[in-house]
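Okay, here we've got a single chain as structure tokens, the form predicted on its own, with questions on binding and movement later.
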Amino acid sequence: MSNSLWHIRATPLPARVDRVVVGAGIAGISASIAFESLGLDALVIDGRYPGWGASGRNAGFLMRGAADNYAAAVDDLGREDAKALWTLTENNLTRLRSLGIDRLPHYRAQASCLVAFDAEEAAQLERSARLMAEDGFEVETRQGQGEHADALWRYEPPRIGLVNPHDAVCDPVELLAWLCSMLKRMPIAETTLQRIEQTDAGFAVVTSRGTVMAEQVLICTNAYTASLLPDYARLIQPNRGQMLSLDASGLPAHERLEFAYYANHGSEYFRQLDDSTVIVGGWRRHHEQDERTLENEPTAGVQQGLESFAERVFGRRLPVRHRWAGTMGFTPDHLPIAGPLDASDATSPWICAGFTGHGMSMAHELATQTALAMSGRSELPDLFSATRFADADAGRIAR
């Protein structure tokens, strides 16, 4: 789509900046805040408005952990890497709180609870609790809530719940607007990225509104990374997440959800938004092939599954108020990718993407660390490097 003369003239792009950040989601905005804290000019560009993607379409969980439980992470990553990943997510919320997130109207400190309905996952959660306590993480377990049980424990009681006591929930669009308000040096530019060209002086970032010269480029495009970096098509794949909100005004006060819940290895998630609303998401694993898409529209099959699941949880069918979807970026090992695209090239662009549905839990902290590492102020752990996939072509950028 072409741009009018008035659009271009009203907000011209700067000719040169220190950093161009591609992607105006929580990772891109957070990285830009970090760049500004170092005195650098960082221009955020995006083809849509901030939060159009998964950053503005998620369930607002600010929880500790990753795609699965701690025991599963220990088995997959090893003890030290699992501990480092959980610490990163704890630091994510700590950093947000230090900036004042607790002053946002819809922020709420609320414990999260991972629940298991089958014996295998229950055993994993029991083991997770032991391992987490040994590694210095505060954790609790629940097995029933007696006469004060909320709807889940009354109507679809799990075998066990693992509680992260210091987690929180938020309105993700409100959170992103708050982060955007911290950018003082230059406005976010809504423009279509056409290509990135490496030059002797850095990079020429060619957009539909002109070309910007930059010393360095950071790509924070998550599910949409392959459209810019075709070689990343197998490393960061789109997966749609679907949600709905339900009218819970008829739910008795004592049955309102106590925790922000994750169930079935994180495949389903639900929480009480306010006294009259609950939100429920997931059911993707029942339609895995269909949900590997960039489309942000709900589908009948997943939505019907969510309604049936919610009916079991609440012991009644609650009226649907709203349905929506958002596309996340999944990596093969469910860990994000952060670092230079080409580790052998000191002038390579960098990336911070592939959060596998847990961008709210880790993107702010990891993007901040990535920005600091790009500027020589720290180092990123190899845990997030693209070289872990042993693909010699993964670092190439289309020129």
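Residues carry their position along the shown sequence, with the first being 1. Keep in mind it's a predicted model, so treat the numbers as computed, not measured.
Below, we refer to the form predicted in complex with a small molecule, which is not included among the displayed structures.
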| query | finding |
| --- | --- |
| Interface residue in the predicted bound form among Ser361, Thr370, Asn69, Ser32, criterion: non-hydrogen atom within 4.5 angstroms of the small molecule | Ser361 |
| Proximity to the small molecule in the predicted bound form, single hit among Ile101, Ala73, Leu125, Leu193 (heavy atom within 4.5 Å) | Leu193 |
| Non-hydrogen atom contact Cys220 with the small molecule in the predicted bound form at 4.5 angstroms | yes |
| In the predicted bound form, Leu93 touching the small molecule (heavy atom, 4.5 Å) | no |
| Proximity of Thr327 to the small molecule in the predicted bound form, heavy atoms at 4.5 Å | yes |
| Distance check, Thr331 to the small molecule in the predicted bound form, heavy atom within 4.5 Å | no |
| Stretch from 54 to 62, 338 to 346, 32 to 40, 370 to 378 whose residues place a heavy atom within 4.5 Å of the small molecule in the predicted bound form | 54 to 62 |
